[in-house]
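First comes one chain, alone, set out as structure tokens in the form predicted on its own.
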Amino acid sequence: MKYSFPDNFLWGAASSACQIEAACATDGKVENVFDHYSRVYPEKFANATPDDEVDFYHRFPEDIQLMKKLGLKMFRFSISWARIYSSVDGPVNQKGIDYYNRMIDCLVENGIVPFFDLFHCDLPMFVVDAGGPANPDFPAWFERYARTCFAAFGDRIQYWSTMNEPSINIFGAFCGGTCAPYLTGMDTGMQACFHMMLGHYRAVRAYREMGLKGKIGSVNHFEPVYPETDSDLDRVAADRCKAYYSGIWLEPIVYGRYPKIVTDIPYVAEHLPENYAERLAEEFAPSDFLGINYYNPNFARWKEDGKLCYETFIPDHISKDAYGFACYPRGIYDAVHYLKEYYGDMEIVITENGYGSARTGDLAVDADDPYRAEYMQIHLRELCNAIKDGVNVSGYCCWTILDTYEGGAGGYLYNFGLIQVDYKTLERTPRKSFYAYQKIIEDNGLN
């Protein structure tokens, strides 16, 4: 059976500034949370720092030639706020602007569509030290930064995302304590989520006001959540989990409101910002697309704990990669169908989907990665089926183009790249999965 994709489907790959650029103090860049906390808590980063990365900052021309060889139609990357500004109200760092201009021009010259995030994990420390997104002034800071980027790069960047995985990088960082700066507390967390959403709205409105011709939206990590049983309580648990983790971002992005199933939970309601509903409705600005990162599903069961009343788990029979992601290809089909059902016929871009293998240290072993190729193939078949069903998916980005620095899970312990990097020499070597994906792109589909 042939799984064919639509004409002009955007075959892509993704990465981010904080995970491959390195050059952490070069040309005026200041410290971000990865730079700072990898030194404060080295055990959380396997004793590696972003300085040890693959140096995309200096080697992007070589890497973009490899992207062209792969046949990429789109490259998703991010801008480091800490390269553009050194304080919330300071002057623009022109050297940072110049670097991104060179890199974006190189992508365009090689026929690759640029897709850029304004925020992808790496808040500058000057923002964190000022209270981060919990500070009511954060939306104004973010809008200023966004306007600077739109003015400098907006004539060539066709897709903009305001934020990447805010359920992890905002809520996890400022409430759950799972990401830098590792803060906890529902009050701070809900304030941070609220102000990040206002920052998103203001960036979207600024983009429209500036008359730019591309598309703007955001990228969210989405997990379809399945109830453990068909019981009413387990179904409520699954719905709550889905809404609390993803819907609390997706619903305001699409409709300008928080999901009622979440705001009706007393534990959540008592921590919501004052006049949140009115302010979301007043500042709402609609997006052009939804970027979705899909790695695994989740399963939920009811649990009486006086808070959210659910717990999540992955059944033992579902295999996991070395990173811990559950390999469940049906989930990507269910995810995009759910998005179409609840958020309408918006354009969807799969902005991340990938397989993490353990780094063995043996380059020959690590370059031979049939599991990554198989992972892509089984997920793409499910995605193709969803498109045939009428779901409006316009592109797919493999995570990731080059081996990356995984800040939340141990530096360089895992390989995600289609292109292997020898961290001693920085030599790039396409893996077997590179050539498998090259064939998929060339055929605009697979068997």
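Just so you know, these numbers come straight off a predicted model, no measurement behind them. Don't overthink the numbering: it's just position in the shown sequence, from 1.
Unshown form predicted in complex with 1-deoxynojirimycin (NOJ); subsequent notes refer to it.
Looking at residue 182, you'd find every heavy atom of it more than 4.5 angstroms from 1-deoxynojirimycin (NOJ) in the predicted bound form. Heavy atoms of residue 195 never reach within 4.5 Å of 1-deoxynojirimycin (NOJ) in the predicted bound form, leaving it off the interface. Although the partner is absent from this view, residue 406 contacts 1-deoxynojirimycin (NOJ) in the predicted bound form, with a non-hydrogen atom inside 4.5 angstroms. 1-deoxynojirimycin (NOJ) is not shown here, but in the predicted bound form it comes within 4.5 Å of a heavy atom of residue 295. In summary, among the residues 242, 120, 372, 83, the only one with a non-hydrogen atom within 4.5 Å of 1-deoxynojirimycin (NOJ) in the predicted bound form is 120. Proximity to 1-deoxynojirimycin (NOJ) in the predicted bound form, defined as a heavy atom within 4.5 Å, singles out one entry of 126, 323, 343, 153, which is 323. Screening 187 to 195, 207 to 215, 158 to 166, 94 to 102 for residues having heavy atoms within 4.5 Å of 1-deoxynojirimycin (NOJ) in the predicted bound form returns a single hit, 158 to 166.
Shown without its partner, the chain has 352 as the single residue in segment 340 to 354 with a non-hydrogen atom within 4.5 angstroms of 1-deoxynojirimycin (NOJ) in the predicted bound form.
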